[in-house]
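Shown here is one chain on its own, the form predicted on its own, set out as structure tokens.
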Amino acid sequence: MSSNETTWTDKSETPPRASEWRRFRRVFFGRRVVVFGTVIIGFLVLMAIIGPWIAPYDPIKINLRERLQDPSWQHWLGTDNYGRDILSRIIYGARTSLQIGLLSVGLASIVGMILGGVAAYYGGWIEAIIMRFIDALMSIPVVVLALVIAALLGGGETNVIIALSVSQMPQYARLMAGQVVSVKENDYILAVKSLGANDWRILFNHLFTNSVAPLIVQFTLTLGGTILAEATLSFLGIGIQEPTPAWGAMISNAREYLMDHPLLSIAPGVAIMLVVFGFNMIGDGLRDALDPRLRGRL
């Protein structure tokens, strides 16, 4: 074999392959800021799970004798205007925020995926009706749309979940429609059709499964914004109602004590900031780790 042939053969060799899990770990944990965000969310999940066992006090029990106390060994973050322990309410508030965030984004993603997938797959008048409805929702800012729906439905956890789900749904519908349009004309989809597979089998077994990577990234990125939107609704008094611990409501109740007892607002505010930051960093890391252009490469 000549030297030219040897050089050509060497250049044509494919890069070494790596296991999907190994490549995912290397890319995802390759940046410290993503690791930091993962630690924050891991701590949030742990706090939400074991909250009843680690919270030092009952988060809704009123004790007016201990109202507006400064941080001490008995109350590490002090107490609010009703004498309730701030640390305990933040711990229980993590469960409220995580539960509403997961349920809202989960419902929005399922409905949005179905609507976007059906619209892009069938096209025609079905696509026109669905996508014009989605366009109408997207023309309204997410927080404003959630405020309007929550105001119409009233406060409470169930109504907040519905409001946040409707406001987040258009993002998933648009994303899913774009994915289906780019995938549905591929050869393997045409082959499945030729074998007699029905439309719903193609949608769920092939189109949805091949579009899952960007949807996972969108799910994670949306969680932070949804928790922030829930805090906004609670702050305005149309979200989670007293006495249920909610970070936004805690900030709202502490407004009149901001100068004398700033920690009442700062503590839940920092909690919201860290959680939103954590989910955004995880979403950013997932976007890099699930990039198909890097798949299977070292």
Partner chain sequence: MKKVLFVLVLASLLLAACSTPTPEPTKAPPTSAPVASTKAPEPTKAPAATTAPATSAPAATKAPEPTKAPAAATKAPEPTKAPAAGVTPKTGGTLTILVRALPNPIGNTLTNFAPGNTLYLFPAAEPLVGVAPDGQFVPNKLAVGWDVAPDGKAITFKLRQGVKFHDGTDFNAEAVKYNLDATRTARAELKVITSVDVVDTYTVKLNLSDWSNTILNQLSWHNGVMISPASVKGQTAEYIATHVVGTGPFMLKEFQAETKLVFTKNANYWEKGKPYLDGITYLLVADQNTSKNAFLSGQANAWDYLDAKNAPELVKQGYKINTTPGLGRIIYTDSINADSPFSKKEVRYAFEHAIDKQAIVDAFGYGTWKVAVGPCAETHLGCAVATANARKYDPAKAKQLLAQAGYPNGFKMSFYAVGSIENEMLTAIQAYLKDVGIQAEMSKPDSATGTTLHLEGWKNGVWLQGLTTDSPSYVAALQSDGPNRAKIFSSDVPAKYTELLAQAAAAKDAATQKATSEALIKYVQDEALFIPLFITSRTVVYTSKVHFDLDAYSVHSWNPGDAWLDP
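Numbering follows the first chain given and starts at 1. These numbers were taken from a predicted model, which means no experiment stands behind them.
The next section is about a form of this same protein that is not shown, the form predicted together with the partner chain.
Although the partner is absent here, A151 lies within 4.5 Å of the partner chain in the predicted bound form, judged by heavy atoms. In the predicted bound form, N81 approaches the partner chain with a heavy atom inside 4.5 Å. By the criterion of a heavy atom within 4.5 Å, I60 is counted among the residues contacting the partner chain in the predicted bound form. For the chain shown alone, P243 is a contact residue for the partner chain in the predicted bound form, at least one non-hydrogen atom being within 4.5 angstroms. Contacts between 253 to 268 and the partner chain, taken as any heavy atom within 4.5 Å in the predicted bound form, involve R255, E256, Y257, M259, D260.
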